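This document starts with one chain, in the form predicted alone, laid out as structure tokens.
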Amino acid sequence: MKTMFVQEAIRHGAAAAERQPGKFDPGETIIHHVANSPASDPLIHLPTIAGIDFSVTKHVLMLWVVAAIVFIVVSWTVRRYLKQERLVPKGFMNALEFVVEFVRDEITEPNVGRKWVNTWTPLILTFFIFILVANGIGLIPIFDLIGLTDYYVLRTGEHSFLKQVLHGGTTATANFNVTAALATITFGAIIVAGSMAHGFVKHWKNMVPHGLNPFIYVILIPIEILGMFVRPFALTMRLAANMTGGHIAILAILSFVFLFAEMFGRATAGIGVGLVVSVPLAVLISMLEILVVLIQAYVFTLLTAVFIGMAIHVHH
């Protein structure tokens, strides 16, 4: 991330200098680095259907990459284990089994109950692994290495597919559209869980307590309906904001290098600030980001399990 940011900063700094010599715009550089690839210049152009542009952008590509990694690695690991004669797993399969048991026993079962644990563990486990991998890939400088390889070895054209891939952020879960789609699945799962447990009609009746004064329902029903939409909204904002905030903080701190170099008119001033302040702080925040990757995957799946459990166990 840091290497790519320096390259982006130099390019955008040069562009800014053409407009206004000597000026570095950290805001433009940061937004360009964490944002999705521009809608006007997608990676793969596809037709617009029913007013929806199906063109592939950077974050769509990263969603495909994450889905492919999860599917291939998990499928290969499980199939390899099933072909062996030993019952006790080892290596990566042991770690995978730990994750499965943790999600089932510590997240799903306490919230949905033993009767429904096998029904909802696959969905919640998929959420956990997918979000964890998507969050984690954003911390790995994959495209930084690709950018360096392209710069020194491949030297592709400015408008090549590889050059377009290097633009924008790599953390798909930092995109609100992605987290909104995940939260929408949770929203649907809540309705399905309540309908499976109590029946479709009774699920909606269970939204409010029975036997209250009719005038209370006038106030209570709109509040419950609003709360039904607030839950997925909270899931959407929490995950995307946390994943975006850490990257912006790191890039803002690294911007001190260029700002101080510009302020004092000397490259040594920027290098000094970078060595003493920017790089150490960026490393510390990056270490904190590793915890955020784990915590946000856990929080999203935990809240999903809690919301599904609330629909199943209404009186609790």
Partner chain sequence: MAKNEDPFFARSAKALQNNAEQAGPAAGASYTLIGAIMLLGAIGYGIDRWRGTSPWFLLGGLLLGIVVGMYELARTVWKR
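Positions refer to the first chain, counted from 1. Not measured: the values here are computed from a predicted model.
Omitted from view is the form predicted together with its partner chain, to which the following refers.
Here is the short version: of M237, L148, V78, I142, the single residue with a heavy atom within 4.5 Å of its partner chain in the predicted bound form is M237. With the partner omitted from this view, the residue of V88, L154, I223, I72 that lies near its partner chain in the predicted bound form is I223 [heavy atom within 4.5 Å]. Using a 4.5 angstroms limit between non-hydrogen atoms, F215 is distant from its partner chain in the predicted bound form. The closest heavy atom approach of V230 to its partner chain in the predicted bound form falls within 4.5 Å. In the predicted bound form, its partner chain sits beyond 4.5 Å of every heavy atom of V292. In the predicted bound form, at least one heavy atom of F98 sits within 4.5 Å of its partner chain. With the partner omitted here, the stretch from 187-195, 80-88, 215-223, 122-130 that lies within 4.5 Å of its partner chain by heavy atoms in the predicted bound form is 215-223. Along 98-113, a non-hydrogen atom within 4.5 Å of its partner chain in the predicted bound form is carried by F98, F102, E106, P110, in order along the sequence.
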